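Considered here are two forms of the same protein chain, supplied as structure tokens in two stand-alone entries, structure 1 and structure 2.
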Structure 1
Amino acid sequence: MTGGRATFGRALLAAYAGVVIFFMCLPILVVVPMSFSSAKSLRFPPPGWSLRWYGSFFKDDRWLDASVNSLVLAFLASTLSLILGTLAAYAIVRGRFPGKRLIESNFMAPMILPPIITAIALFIFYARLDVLGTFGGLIVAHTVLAAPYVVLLMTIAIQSFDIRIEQVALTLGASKLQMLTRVMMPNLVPSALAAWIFAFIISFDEVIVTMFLSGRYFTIPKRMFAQLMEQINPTITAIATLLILFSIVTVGMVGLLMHRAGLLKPRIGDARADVR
């Protein structure tokens, strides 16, 4: 019988997949317990438990300063990229104009290129304009980096929003503005929120471009990188755990929002859904 062999094959595949998933999640499984360690060394499992590394994070002005910078920067860059990206996505989906594909690819380019290329180009450009190390320059750079994700998500969201609903609203006498604010926007809010969070995370996690352009400004990733290069300090495990928590909360929110917006449907569960 081939049945026995097939079952064996399936068990082997499951074991293999389990090991790979374990490998992927291993960093999280190690960092989180480490952050509650009482020891100064990087022993795992920790010899005892304490909250001292969280204490040393919240007491350190340099880390708090970096947190404020990161949050303000990510908030402004993601908001800007949401506004510009949504407008552009609407034009891409509904508009017809020459060079549309080219413009769309241009918008996607900062997402595809290795960030080191963007970092070097912007470094030289900013240096020549004498805006290197300004907070404004950082906001602009992060907006350019986050915008592709907004354009991508909002293009899908607007595409899946039936154009006939827009047309009906207009036929029934709604002005273009009324149609946008009363019909289109309420429907796009979940997707827009998901795109905003996505853009926020992109900016919040950005390291390379930030390191080249930020001058004396420190963000959380930049401070982490600087610390990692000089000495191993368990405070980083506390920040890392807070960031992991932050990521899990946001990925959950995005998942929920995208599910509500119907963006997940063709992907998960029903394989036939997008064959139509």
Structure 2
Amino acid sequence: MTGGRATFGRALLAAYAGVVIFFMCLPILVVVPMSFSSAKSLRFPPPGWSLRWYGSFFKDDRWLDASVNSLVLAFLASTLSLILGTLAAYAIVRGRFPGKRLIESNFMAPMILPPIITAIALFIFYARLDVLGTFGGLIVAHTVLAAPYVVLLMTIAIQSFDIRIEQVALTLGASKLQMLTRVMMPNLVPSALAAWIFAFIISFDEVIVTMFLSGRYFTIPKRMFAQLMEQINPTITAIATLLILFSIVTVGMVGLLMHRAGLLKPRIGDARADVR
């Protein structure tokens, strides 16, 4: 009887999850076909098929400039996030100092706070420093938003790295910096790449903080919002489809890298602890 209830519960949970996933995918099922529409306005289902809106995107200098800004911004912000986040993660995992938990919580704050709160706080802070509307200020802001995700992933990776390897390297005469760069990081490359890609996605898709701080600089998400304010142009559906494809590919790469790094595999010790 108990086994039957468990089977029914799992089936019910699977059905519920399927309905939720289908509901979340409904916008994709509408946007993607509309991006190949031959109509001059947004119509679903499309009356015909065409690549005209993709051509409109690649021929518009405003969209191309926004794409370059988004790629450069995401690259620089994710790289800075990886460097700073990895150092912070190592200090959190291996360090012993007062206020460690408070500092760790502070790193997680941008993940918890609504983006609008972060945007207003940075806007006031940047206004006092007179750096509003600068590309450098935008890079720093995106780094602040992406770094917590790097800290989270690299913390897990460093915790799974055998500390005895570090101790042996230090015992054999390696400095702390040599141990980090020549011993630890080569073993954490898949995790570091996954963290970098994750930070890249966070920066690339960010719009609220960008709207507050970017000034004359346009990214893809900001340009999409501006375009919607001017007119409803089907070119946006083509851009949205490209972003969906980009997100699927990058998330798949993150999952593959995390699997290769062993971050998605349950550890035997943890399983035994759960059983006990």
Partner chain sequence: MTLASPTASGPARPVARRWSFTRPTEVTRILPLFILVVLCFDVPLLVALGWSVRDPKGPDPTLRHYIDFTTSPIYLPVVWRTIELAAIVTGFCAILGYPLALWITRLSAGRQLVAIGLVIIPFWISILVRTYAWIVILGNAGVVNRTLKELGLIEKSIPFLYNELGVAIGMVNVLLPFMVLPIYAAMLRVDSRLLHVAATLGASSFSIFWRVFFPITLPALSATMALVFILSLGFYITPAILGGGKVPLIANMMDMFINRLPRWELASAVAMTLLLVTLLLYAGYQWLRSRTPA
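Along the sequence of structure 1, residues get numbers from 1 upward. The term rigid core refers to the maximal set of C-alpha atoms that superpose within 1.5 Å between the two forms. Predicted model only: the values in this text are computed from it and were never measured.
S.K.: Just checking, which of these two is the form predicted on its own?
M.R.: That would be structure 2, which is the form predicted on its own.
S.K.: Can we say the CA of Ala169 moves by at least 2 Å between structures 1 and 2 when the core is superposed?
M.R.: Comparing forms between structures 1 and 2, the Ala169 CA shifts at least 2 Å.
S.K.: If I superpose the two forms on their rigid core, does the C-alpha of Leu12 end up displaced by 2 Å or more between structures 1 and 2?
M.R.: Comparing forms between structures 1 and 2, the Leu12 CA shifts at least 2 Å.
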